[in-house]
Structures are given as structure tokens and as C-alpha cells.
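Both blocks below hold the same protein chain, though in two forms, and each is given as C-alpha cells: structure 1 and structure 2.
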Structure 1
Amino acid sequence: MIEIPVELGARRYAVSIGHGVCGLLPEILSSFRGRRIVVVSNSRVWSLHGPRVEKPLRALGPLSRALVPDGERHKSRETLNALHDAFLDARLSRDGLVVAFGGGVVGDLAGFAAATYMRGLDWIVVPTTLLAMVDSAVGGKVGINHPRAKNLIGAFHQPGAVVADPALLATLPPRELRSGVYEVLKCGVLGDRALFKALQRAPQGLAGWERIDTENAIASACRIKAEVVEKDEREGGLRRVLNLGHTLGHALEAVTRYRRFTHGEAVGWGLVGAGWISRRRGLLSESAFDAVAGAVDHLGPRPRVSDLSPERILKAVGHDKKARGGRLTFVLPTGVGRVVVRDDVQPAEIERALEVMAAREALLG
């Protein structure tokens, strides 16, 4: 088992990573023994993997289950209300414990329900998607969508522990797995050359990746996220570097109404775009750009971008800017493992990046 500490003073916790660690929940969570527990999951995850956590959690304390409907559209006020009802039904008090067992949707919902019930309950995360293991489970951002905006209602509420068992990923659909892998690649480009190199050598589509390689990749990505969160828990500034590939990625998701790309696929394209802008500015060498774009391509196919209107994408990028006080911030790689943040990227540079992305798509067939 690999342990990555997240050093946040009184709120410090660890991410425990390893095949089969679900079975070790009673030991890993021994400091929570005796608490009344509500495990939050959805019926898909629960039917596939419920038995892996049910018995170990029962060994810790009296257990109730709250299943939420599957899908991003249920990261809603209605589901939040239903969770608060379930906590009441289970007679959870201030010393109760909420366990999130699912992907990022379940994690964000359960964490926010825990943050808001009785002014804040302890919670732990057992993530079941790769994206949740390397991204959403670490850092304490929790929340729900508003009918008019994604992730608008939320809080910072750090979990007491994160337990990541890659054995759970065996049932994840390949596209969902790849979605997480692009976030791992982002971490490599952001600050970990060894991780980047490991992904360059990973089997195509990641089929048959060795256990130890998967564990190491998850640990490296968590370490990067933990380091950034430790320095900037509440997203004052530095935490923005985690948005590498996301300025364009979010725009691609928005103009296709979140239906065409998985989040990671959009970030994969966003990495190519940000890499190109950096290359064009002379911040990134040609060989480093080729390595980044080549790694994105190596990890598998992504839905097309060439038919999307550049005007609409530019408008969507501008939307991101409004959300950040009028300044459009771009995270630009300056090498494999290094980035800078710039707020002077011009529409013409973005348009050119979109052309290069479309040309790359044609090349890949």
C-alpha cells in the first residue's frame, strides 16, 4: 500500500492506494471506530462492488446505506435533500461518519451533504473511478450543480481519509478509464517527468497495465494534487495550475452541451491546444510539444473537434473569463514537468490552436 499525506495542519489526512485496500478499511479508519456510518453510493457501483466495503465498514460501526441516482444531472439540490433525509433517518449526529463510495458525482454530493448537515460531519472517500482517485477525492472541493451553472453551490470540506483501491477500476468502461488517464497525464505535464514517461510507455488504451504501474501513476498524480492543495487550500492562486488543459477543455465540453466528450477527453484536447499556444510563443520546444501531443494521442481516440465552430468555442472560453473576474487565465506548459500561468492569451492564438487540433485529428484519421 502506498500512502500519500495531504499536509493541512489540523485537517491533515492520507490517501491510501493499493489493490485490495478496501479490505483494510477497518485498520485504515481505526480512528473512526464506533461511529454511526452512512455510506453514500449509487446502485450501479453498489451492485458491482458493494460487498467489498459493506463488511469492512460494518466492522467499524452501525451502517446504513443511501443510494443516489446515477449521472451528473443528479448532482442536484433534489438529491442533496434526499441525502439529508437519509442522514436523519439513520439518526446521524455530529459524531456520525459519511462514506462516499463512487465516482466524482457521488463524492461531490456526499461531501457537500456532509459539509452542510449539522454544520459539518466527518467524511471519507472511497473513490471508484480513476478520475475520482486522482482528482475529485483529494482537495476537499465538494458541491452540486445549479440548474443554471455547473458546480455553483459548494464548499471546501476536507475528507478525513481517502482510500483508493484500483481493483475497483476493472469494471470501469474504457472511456471512463481514459477520461481519468488524461487527468493523470495533465499531472505529468504539470510537474512530474517520470509520470509523463510512464504514460508514454503505457499500453495503448491502458489495457493490461501492470498493477504496480497503475498504483504508482495514481500515487504520483495524488502527490501533485496534494502538493498544490497544501500550498493553496482554497484556490487563492497556485491551485489554478491544476487547470492545465481545462480552459479549452471546458469550452469544448460547453459547446457540445457536455454530451460529446468525457471531461478527460476534453482535457486531452485542451493539453494539445495549450501546448500549441506555448510552442507558438516560443515557451515550449518543438520536441516537447511533439512529446505532449504524442502522449495525448497515444492514450487513445478522442471525439472530433474539427466540426466545432471556432466562434462558439471562443465565446465559451470568454465565459470562463467572466467567472474569473475579467481575466482569461491560461496555464501553459514550458517543458514536460513545468508550467506558467498567463492572462494575455489572444483570441487569434486560440483560433490557431483550434486549427492545429483539427489538423491533428485529420492526421490521426
Structure 2
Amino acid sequence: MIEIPVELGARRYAVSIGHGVCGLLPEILSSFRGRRIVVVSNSRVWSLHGPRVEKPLRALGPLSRALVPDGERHKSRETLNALHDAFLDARLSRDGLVVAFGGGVVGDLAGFAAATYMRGLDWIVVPTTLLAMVDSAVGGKVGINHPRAKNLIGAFHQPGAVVADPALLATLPPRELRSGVYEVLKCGVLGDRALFKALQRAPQGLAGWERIDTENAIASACRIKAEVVEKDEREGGLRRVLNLGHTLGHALEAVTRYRRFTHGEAVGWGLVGAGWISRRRGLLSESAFDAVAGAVDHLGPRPRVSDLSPERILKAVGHDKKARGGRLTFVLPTGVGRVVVRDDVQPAEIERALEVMAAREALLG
């Protein structure tokens, strides 16, 4: 088992990574023994993997279950209210424990419900998708979507532990597995050349990767995120670098009502767009742009962007919660392993980036 500490003083926790660690939940979570627990999941995840966690969690304390609808569009006020109702029905008090068992939607919802119920309950994340393991599970950003912007309503509420069992990934559809690999690639571009090179050599979507390779990729991505979060827990400055690929990515998700792209696919396109803007500004060499865009393409097909309205995308970018005083903030790669943050990106640059993305789509067929 690999353990990565997230050093945040009194809010310190560890990310435990390894095949079969779900069976070790009573040991990993021993400090929470005796709590009343609500595990939040969805019906598909629970039907596939519920037995892996139900017995270990019951060894810790009385257990109730709350299932939420699957899909990004259900990360909403309505689902949040339903979770608060479930907590009341389970008689959770301020010493209760919420366990998020699912992908990023489940984690964001469960974490925000825990943050806002009785002014804050302890919670644990047991992510079941690669995307959640390397992205939303680490860092304590929780929330729900607004109809006009993703993750607009939320809080910072650190989990008490993250338990990532790659054995759960065996049932992921190939598209969902690829979705997570785009976020792993983002971490490589952000600050780990060795991880980037490993992904260039990897089978598409990590299909067929050896167990140790998968664990190491997850650990590398989590380590990068942990290091950033330790220095900037509440996104006052440095943590913004984790949004590499996300400014355009979130806009693509918003204008398609979270139905066309997985989050990772949108981030993949966002990496290409941010890379082109950086290349156009002379911050990124042509060869480095080709390497980044090529690595994105290597991971597999992505839904089309060529039929989307540039005007709607620009409007969605303007609603992004990272915008400051009407200025558009972008994280731009300056090389594999290096980025800068710029708040002077112009709409014309974004429009041209969208044209380049559409042209690349046509070349890929």
C-alpha cells in the first residue's frame, strides 16, 4: 500500500492507494470506530462494489445507505436536499461520519452535504473511478453545479481520509477509464515529466497496464495535487495551477449541459486549447505543443467540438468561478512540467484556439 500524506495541520489526512485496500477500511479508519455512518453512493456502483465496503464499514459502526442519481447533471440542489433528508432519517448527529463511495459526482455531493449538515460532519472518500482518485478525492473542494456554471456553489471541506483501491477500476467502461487518464496527463504536464513520458508509452486509456504501473500513476498524480494543496489549501494563488485545461473544459461541459463530454474528455480538449494559446504567445515551443497535444490524442477519441458555438463557449468561460473582475484566467503550459497563470487572455485568442481544436478534430477523424 502506498500512503501519501496531505499535511494541513489539524486537518492532516492520508491518501491510501493499493489493490484490495477496501478490505482494510476498519484498520485505516480505526480512529472513526463507533461513529454512526451514512455511505453515499449510486445504484450502479453499489450493485457492482457494495459488498467490498459494506462489511468493513459495518465493523466500524451502525451503517445506513443513501443512493443518489448518476450523472453530472444531478450534482444539484435537489440531490443535496435529498442527502440532507437521508442524514436526518439516519439520525446523524455532529459526531456522525459520511462516506463517499463513488466517482466525482458522488464525492462532490457527499462532501458538500457533509460540509453543510449541522455546520460540518467528518467525511471519508472511497473513490471508484480513476478520475475521482486523482482529482476530486484529494483537496477538499466540494460542491454542486449551478445551471450556468460548474461547481459554482461549494466549500472547502477536507476529508478525514482517502482510500483509493485500483481494483475497483476493473469494471469501469473504457471511456470512463480514459476520462481519468486525461487528469493524470494534466498532472504530468503540470509538474512531472516522468509521469508524462510514462503516459506517452502507455496503452490507450491504461488498458492492460500492469498493476504496479497503475498504482504508481495514481500515486504520482495524487502526490502532485497534495503538494499544491499543502501550500494553498483554499486556492488563494498557487492552487490555481491545478486548473490547467479546466477553463475551456468546464465551458465545454456547461454549454453541452454536462451530457456530451466526460469531465476528463473536456479537460483533454482544454489542454489542447491552453497549449495552443501558450504556443501562440511564444511561451511554449512548437515541439512541446505537439508533444502535449499528441499525448492527449494518444489517450483515445473525444466527442466533437466543431459544432459548438464560440459565442456560447466564451459566455460560459466568462461565468467560470476563476474569472477575476471580468478578466479570464488561464493556466498555460510553458513546457512539459512547467506552467504559468495568466489573467489577460483575450476572447480572440480563445476563438482561435477553438478553431485549432476543431481542425485537430477533423484531422483525427
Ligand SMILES: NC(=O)c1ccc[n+]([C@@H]2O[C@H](COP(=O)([O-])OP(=O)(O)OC[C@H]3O[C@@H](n4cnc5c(N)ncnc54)[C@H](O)[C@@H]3O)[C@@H](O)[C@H]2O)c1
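Just so we're on the same page, residue numbers count up from 1 along structure 1's sequence. Only the largest set of C-alpha atoms that superpose within 1.5 Å between the two forms is called the rigid core. For clarity, every value in this text was computed on a predicted model and none was experimentally measured.
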In this pair the form predicted on its own turns out to be structure 2
Would you say whether residue 253 is displaced between structure 1 and structure 2, judging by a C-alpha shift of 2 Å or more on the superposed rigid core? yes
So, does residue 102 move by 2 Å or more at the CA between structure 1 and structure 2, with the core held fixed? no
Checking residue 312 here: with the core superposed, does its CA move 2 Å or more between structure 1 and structure 2? yes
Where the rigid core has been superposed, how far does the Cα of residue 353 end up moving between structure 1 and structure 2, given in Å? 4.2
